[in-house]
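A lone chain, given as structure tokens: the form predicted on its own.
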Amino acid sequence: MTAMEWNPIRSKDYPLYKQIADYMARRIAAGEFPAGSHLPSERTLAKELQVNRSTVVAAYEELYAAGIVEKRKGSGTIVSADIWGMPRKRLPNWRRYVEQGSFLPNLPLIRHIQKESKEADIIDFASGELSPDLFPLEQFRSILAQQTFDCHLGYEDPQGNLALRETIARHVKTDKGIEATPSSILITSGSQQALHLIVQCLLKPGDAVAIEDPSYTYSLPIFQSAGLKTFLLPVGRTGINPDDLTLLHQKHRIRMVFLNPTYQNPTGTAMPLEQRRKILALSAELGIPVIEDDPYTLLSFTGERLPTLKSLDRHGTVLYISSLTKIAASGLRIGWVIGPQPVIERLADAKQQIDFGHSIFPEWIAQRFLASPEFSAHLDRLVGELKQKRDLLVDSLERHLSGIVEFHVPAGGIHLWCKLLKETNDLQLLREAIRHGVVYVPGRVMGTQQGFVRFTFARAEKERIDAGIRRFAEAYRG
């Protein structure tokens, strides 16, 4: 059997490198490559099989981990002399361990976007972080300089620092109209950990959940890792249609629904009050818990703040998630869940098993910051700066892409959802845009829709926004 008589089959269920490793192992077993003989070079075999050299490298690593071949510097890959049973040290096949773990990795495209967004010369419309000039650094420096650290350094309360939870209870009452007590709050490492705890603790494999389409949660592998069945709720100009949730529940017995109703990621839409009331009525009628992910309510550009679902909740059906990530600093890693006390205690128990409770230092800073007059001043400045960035982005889109894109101007938040009117290959366009020096998130990462992009305007510097859209336009026009 020669390489030219066999070709790998491109299948997501049977990776190319594994096919090649199995194929070469068969050739070795058949005596085509005796003990001590050289295998074809990685470059030669890649050319024969018409695959990337990295694929052959991975295949040879499989054979090496299995003890079938040896690597000799300057000599290439050689069939092991003791392949027929002589004692030999064998390495663990770490690649197989990595691929077989139950907790799934991020999508390769997500990892690629994250890597590219860190390049210094790239204009970043992909990251959900604030730009460094929007962090409240001076306020944090003032807290550290003027206040004495007076907390113990042992393990924290499983629900989080009591003083911080008391401050958050006052904050959500004042700024969002949510009634909460410290015992109904759990401090988490941002919203991401809150979602992970909810999925792991309150659901079981096979449960059906509903998520928005498009949505940030669509890109998360946590649902698949937990063995959940996800069903999609289309997001229109005013968010999801409550009737769609009713139909989904009738067909699939939905156990939980995940919503981001205010300045939704990625569409920027804000669900009207009446629609929110209908969602809550359905939740109470059907017994479906609603997970409200709310990072953006305080980032309103009109001065009007829509009521959160939690503030309207009269039946205790809403678990509320928020954080300081989008309104202060992502690196602080302070988020929270508000819900019924038995649920909070269950989530706190799981968090305690994972990390023995939150770190006291960021909790201490967050508590002082939220309780200070500087928090409101920072928020006012932040909203003003983000509104300027949004306006610059809209102006640039109209200047450089008029007639070939459509978009809805968000009234708050940090995302703008853009429809591409010119037919294009999403992945090819992203590659070309990166080559031009700009990165963003293709719509397909966030849901089933093709021909959309998400421009996030929080991270890019104001003076580079127009250049970023011009670069995108050059890539898009070809």
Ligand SMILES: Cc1ncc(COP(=O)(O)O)c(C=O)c1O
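Numbers follow the displayed sequence, beginning with 1. Here the structure is a predicted model, which is why all the values come from computation and not from measurement.
We do not show the form predicted in complex with the ligand, though everything after this point is about it.
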Given that the ligand is not shown alongside this chain, does residue 351 nevertheless sit within 4.5 Å of it in the predicted bound form, heavy atom to heavy atom? no
Wondering, does residue 77 line up within 4.5 Å of the ligand in the predicted bound form on heavy atoms? no
Heavy atom to heavy atom, is residue 388 within 4.5 Å of the ligand in the predicted bound form? no
Should residue 260 be classed as touching the ligand in the predicted bound form when contacts are defined as heavy atoms within 4.5 Å? yes
Between the options 190, 357, 239, 242, which residue brings a heavy atom to within 4.5 Å of the ligand in the predicted bound form? 190
Can you say which of 289 to 297, 310 to 318, 131 to 139, 157 to 165 gets within 4.5 Å of the ligand in the predicted bound form, counting heavy atoms only? 289 to 297
Within 4.5 Å of the ligand in the predicted bound form: residues from 356 to 371 (heavy atom criterion): none
Do residue 219 and residue 338 move together or apart in the predicted bound form, judged by C-alpha distance changing 3 Å or more? closer
Work out whether the Cα atoms of residue 293 and residue 219 come closer together or move farther apart in the predicted bound form than they are in this form, the change being 3 angstroms or more. closer
